[in-house]
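Look below for two forms of one protein chain, each set out as structure tokens: first structure 1, then structure 2.
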Structure 1
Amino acid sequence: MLRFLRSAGFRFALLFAGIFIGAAALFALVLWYATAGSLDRQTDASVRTDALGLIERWREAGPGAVAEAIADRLASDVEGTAIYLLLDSNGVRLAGNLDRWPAEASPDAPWSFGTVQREGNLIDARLHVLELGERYRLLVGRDVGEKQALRTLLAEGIAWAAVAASFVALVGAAVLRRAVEQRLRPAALTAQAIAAGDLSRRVPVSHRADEFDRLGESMNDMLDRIDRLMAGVRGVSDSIAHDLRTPIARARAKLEEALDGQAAPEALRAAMEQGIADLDHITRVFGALLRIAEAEAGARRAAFAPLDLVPLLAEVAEFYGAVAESGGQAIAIELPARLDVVGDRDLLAQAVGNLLDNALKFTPPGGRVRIAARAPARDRIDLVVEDTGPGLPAADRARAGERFFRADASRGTPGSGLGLSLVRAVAHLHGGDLLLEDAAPGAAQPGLRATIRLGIA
């Protein structure tokens, strides 16, 4: 029961019922004011006019004229609703159709409702008391019994209408609650199925393009994204297991070989060095994974500081210059005088270093690697590293930022498949992205142009 009361459908239904009943009450109020209220106002206006006429007679000719006017008015009162009573200073009745002064009528409250007797029945009357002067008192009133009966009828009608309106409000509320529940049911069932482990389920969309469809589409988008992320996590786990199994197995074999005790000291040393190298490789992979995770989580943003990119890029280019020379490659540098940015110096250096490392790895001897930087807009800086190597097919470029992804052509080269993942994570950390494209589109060796696009933080 409590669950039912707390449901959104019930609250919507309650809101609907409240608004409906409120509107019905307002309608009844207006109706009452326009009918019963109008009758009251008409009665008061008639009594006021009557009284003003008698006051005029009093001023013109005194009590005798007022008594005569009252007799005339009573004689021609075809509706039979008029009530008059004129008393002199001693309280003696001079004219009118009441045998005594009503208890409810008092000069202190000139307008009042009272009860008078007519042919043995008590009837309601509207009474107006006037002090004429010389302690003469005049009472002008109307029998409002019939109007009261009409008011009662109207009140009964409104009461029945209120009952009908309440019934309609409750039925409408129940229908509304059911409609909301029915529309939310597919989403709820899908959520339950997903909670039970079936991640393939999606919310059926009715194509009415309403709020519920938009909610369903958003849920489906969210589920697709979760699916992709889970697939990514699964892929990373598989890759870690696959890529680290070989060096660990090799290190273990070398160590077992060393334990054998029969190998020559040189062979023992070589086995231990190989084991250490394998373990270093594993450490580097984990280090790279941790750095990517840090960059993606934004944890390094606290270390952001203003810096000039030009000397940093020159330093990295110089570092890799020696590698290029040994491979018979050339590094061309195109840098402006100054490029100010707020960011993490170490991560940016490593990202550019990774790009240069990749470029040199895939550029054949005699090839050229170009490193350039520019600010094409006020809030944008592009760091470009391009080579004259074989480039990357479009399908591989789309996956190049994934952890442990290695294109088929690169299987024979050393590397862990984490370099571009870190570059992309660093670009995202700095409010930018990593763009990969052909350096010379259409050429036999199109090369690869990698652009780190930074937003200036």
Structure 2
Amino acid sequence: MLRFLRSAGFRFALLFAGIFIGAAALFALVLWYATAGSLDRQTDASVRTDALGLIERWREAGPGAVAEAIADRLASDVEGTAIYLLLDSNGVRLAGNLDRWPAEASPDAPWSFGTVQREGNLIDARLHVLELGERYRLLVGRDVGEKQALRTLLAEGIAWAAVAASFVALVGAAVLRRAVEQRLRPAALTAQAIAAGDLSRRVPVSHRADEFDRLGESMNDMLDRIDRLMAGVRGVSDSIAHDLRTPIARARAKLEEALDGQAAPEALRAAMEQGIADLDHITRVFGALLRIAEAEAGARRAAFAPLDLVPLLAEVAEFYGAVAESGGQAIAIELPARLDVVGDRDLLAQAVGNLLDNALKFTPPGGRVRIAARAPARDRIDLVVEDTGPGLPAADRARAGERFFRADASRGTPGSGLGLSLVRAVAHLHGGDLLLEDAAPGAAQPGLRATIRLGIA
């Protein structure tokens, strides 16, 4: 029972019941005001009008005229609801249809409800007391017995209606709770299955396009994303084990040879240098993985600051200029006067540096690498690195951003397959993406054009 009371379905049902009962109570108040309240207002208006007429007769001709007017009005009272009593200064009745002054009627409270005796019968009446002067008192009222009976009948009807409304509210709340529970049950069962380890389960969608369907679609999108991430984690783990096994095994073998004690000093030094190189390679791989993870998680956004990309790109191009010159290659720069962006300077420099490094690796001697930047739209900046190398097949371009992926043509070149992964992560961090395409489609050496598209907030 405690679990039932704490459930969201019960709270929704309770809210529905409260709203329904509140609406019913408001309807009852409006009905009461429009019926019983209207009857009371009509009675008071009738008594007030009658009293004003008698006061006017008092002012015109004194107590005799008032007594005569009361007698005329009682004679013409077909319904028998009028009540009058006129007393002189000594309390003697001068006119009216009451035997004595009611105890409920007092000048201190001009308006009151009371029980009066008229012609030997006790009746409920609405009374209005007037002081006429010279200690004369006038009582004007109306018999409200029938109206009181109608009020009682109306009150009983509202009470029964309240009972019926409460019953309907409870039944409706139970139906609502069951409906909510049934609509949420598939999502709950899917979550339980996933918690048990079945990541293939998805929330069934009814195609009603309601809130529950949108919740199911969001959960399915989240589960698809988790599935892809898990597959990526497994792929990364496998790739790490595969790519790092060789340098670790080579370092171990070299160190074991050095431990024999029979190696020449030159061989021992070479083994130590090779071990250090292998460990440096492993360190670089883990450093690259850490930077990719930080970029994908958005952890580097704290380092975002306004900057001009033109000097940054010029510095990167100058740094790789010596490498290009040693390989008989040329770097062409096409930059505007200024390109303002908000981003991480170090990550952007490293991303462009990775693209330049890849371009120089695959550009033959005598080839050219071009670095350019432009703002084709107000909310976008394109950073382009283009080479005149062999290019990249379409199938390999589709996987080029995956961690540790290396095309067949690049197996013999140094690297870990993480460069483009970092470039793509940096592009995503800056609200953009990485595009790879042929620089010269159809040519024998189509080259590769890599474009980092940056979003401008």
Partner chain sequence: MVRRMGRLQILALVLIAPAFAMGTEPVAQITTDSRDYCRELALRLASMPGATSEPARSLAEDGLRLCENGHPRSGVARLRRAIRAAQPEH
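These numbers come from a predicted model, not from an experiment. Residue positions are counted from 1 along structure 1's sequence. Superpose the two forms; the largest set of C-alphas matching within 1.5 Å is the rigid core.
Between the two displayed forms of this chain, it is structure 2 that matches the form predicted on its own.
Annotation: Cα of P110 displaced by less than 2 Å between the two structures, core superposition. Taking the rigid core as fixed, one finds a CA shift for G275 of 2 Å or more between the two structures. Once both forms are fitted on their rigid core, the CA atom of G343 lies 2 Å or more apart between the two structures. Lined up on the core, R378 has its CA atom moved by 8.0 Å between the two structures. At E325, the distance the Cα travels between the two structures is 7.0 Å after the core is superposed. Structural comparison between the two structures after rigid-core fitting shows the C-alpha of A443 displaced 3.0 Å.
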